[in-house]
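The chain that follows stands alone, in the form predicted alone, written as structure tokens.
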Amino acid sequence: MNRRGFLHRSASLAAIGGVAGLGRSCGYALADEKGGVTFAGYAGGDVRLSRKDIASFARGLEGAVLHPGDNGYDHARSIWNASIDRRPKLIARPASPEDMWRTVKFASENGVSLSIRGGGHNHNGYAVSDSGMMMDLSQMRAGDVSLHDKSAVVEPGMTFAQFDGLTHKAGLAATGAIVSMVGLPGYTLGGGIGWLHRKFGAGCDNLIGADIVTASGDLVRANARENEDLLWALRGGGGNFGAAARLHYRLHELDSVYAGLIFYSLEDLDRVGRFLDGYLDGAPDDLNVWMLHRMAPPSPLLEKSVHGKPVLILAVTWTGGQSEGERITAPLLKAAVPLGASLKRRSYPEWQSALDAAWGDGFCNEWVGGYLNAYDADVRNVISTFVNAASSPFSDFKVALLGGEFSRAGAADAAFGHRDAKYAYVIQTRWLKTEEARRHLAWTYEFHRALRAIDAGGVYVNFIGKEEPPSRVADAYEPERLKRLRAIKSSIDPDNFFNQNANIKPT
């Protein structure tokens, strides 16, 4: 077996229970062991732990433990969404699956609320537990690519930039996010749509195994031979069932894509939209199109006079051959008179990071979405009304074409449902000043209410808004899928210890 890029760990998952502590005291004042620290409890209320017990936990870890005031604490608790400003009482930064096991066990046995940070990109801020514990996995980025069976085993601190860097060397890829800074666990366990879901299926469809640390302190391996129910639940059920210590992906041969952006004035939305809604009905699996509606960024593809004006952007991905891609995408360039275009052959990692600059750190964010059965006149009228009146020049409204391989996964394959929808949509609102939140959220949710009156129902779980009620999670799954998820949750986490997520409650 030809393998690349793996940083081998010295202890196997099976041996975690017997591994001796390799750790050190990490930045904690041990002089005062008489006092205590009050944490938020995972079941509500407060939990008080002695400094001695906390220090003992810290010494048992190979990785670092951070407390308020320590160097690196504020950086570790800061995530992509700048509107999230929470202060954990303790941040554990595991260096290994063994450290993860000890961290989960410590929090669970002591009743402490625990959040898990992978890439820290979820807008709801699930990564940061206010007054609880936070497990920051950013130090765990080892990866192993097998050329023999076209698969990868990776640790949960990886982002897609790192994952693609690893797999691209082997000429392989799996469905990832449309920006590269997103972490693998939240994206994959939540479902996963991107540039490649029509060709290779959702991100979770390519998850073929995982090693999970459960609330009871067990280490459970889920794959096609062991704990198949758990693997099914992990394919779209989010972080409800445990902390992923390793993720095993199916990979596909892909080196480059024919891809880029086509800009149209939003004044041409009706004309371009009528063409797209019909043309995309018969699109081959190799073609994927996202429609982005926003104020024009200062792109070199556009005349300066267009900057700041409402535009429709087609983000086009073709995974097949060059000549056929040029033929299939040519009509997309003729739906109206383009303001600019950038279709060309490029490596997949280059394309996946192409939008990173527009979605970097430092902004407050809110997302909220759903599904559409058509990109029709009613939908386009709502889009035009709200995008022309956008509260922030950094916000946009995205519509992603589904279908293809994404639509072929059945209820027996994955918890991630709503596979018959034609489009997924999301309002992504970004602003700079925290004190302006009310105005931007008002625009976001007024826009969403108008869409929900005409959309297809349901929601992609990673597009649930921070201001939506907990009951919205049920809309992410059809009733039978939700029933099965709740039963699996009850069997593996009956006390709902893992609740810092789009929470599925036990039966």
Ligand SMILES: Cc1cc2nc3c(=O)[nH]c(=O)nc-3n(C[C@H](O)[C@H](O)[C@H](O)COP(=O)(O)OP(=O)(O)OC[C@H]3O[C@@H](n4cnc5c(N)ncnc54)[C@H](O)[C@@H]3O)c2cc1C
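Numbering starts at 1 and follows the sequence shown. These numbers were taken from a predicted model, which means no experiment stands behind them.
One more form of this protein exists, namely the form predicted together with the named molecule; it is left out here, but the text below deals with it.
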- [ ] Choose one stretch from 88-96, 162-170, 273-281, 182-190: the one whose residues place a heavy atom within 4.5 angstroms of the named molecule in the model of the complex.
- [x] 182-190
Open item on the list: My question is simply whether residue 42 lines the interface with the named molecule in the model of the complex - judged by any non-hydrogen atom within 4.5 Å.
Closed with: no
Task: Exercise: residue 359 in contact with the named molecule in the model of the complex, heavy atom 4.5 Å - done: yes
TODO: Mark residue 397 yes when one of its heavy atoms lies within 4.5 Å of a heavy atom of the named molecule in the model of the complex, and no otherwise.
DONE: no
Open item on the list: Please tell me whether any heavy atom belonging to residue 351 falls inside 4.5 Å of a heavy atom of the named molecule, as the geometry stands in the model of the complex.
Closed with: no
Task: Complete contact of 196, 391 and 425 with the named molecule in the model of the complex (any heavy atom, 4.5 Å) - done: no
Task: The single option of 101, 375, 126, 431 touching the named molecule in the model of the complex, heavy atom within 4.5 Å - done: 126
- [ ] Go through 263, 232, 367, 106 and name the one with a heavy atom inside 4.5 Å of the named molecule in the model of the complex.
- [x] 367
- [ ] Between 240-276 and the named molecule in the model of the complex, list the residues on our side with a heavy atom within 4.5 Å.
- [x] 242, 243, 244
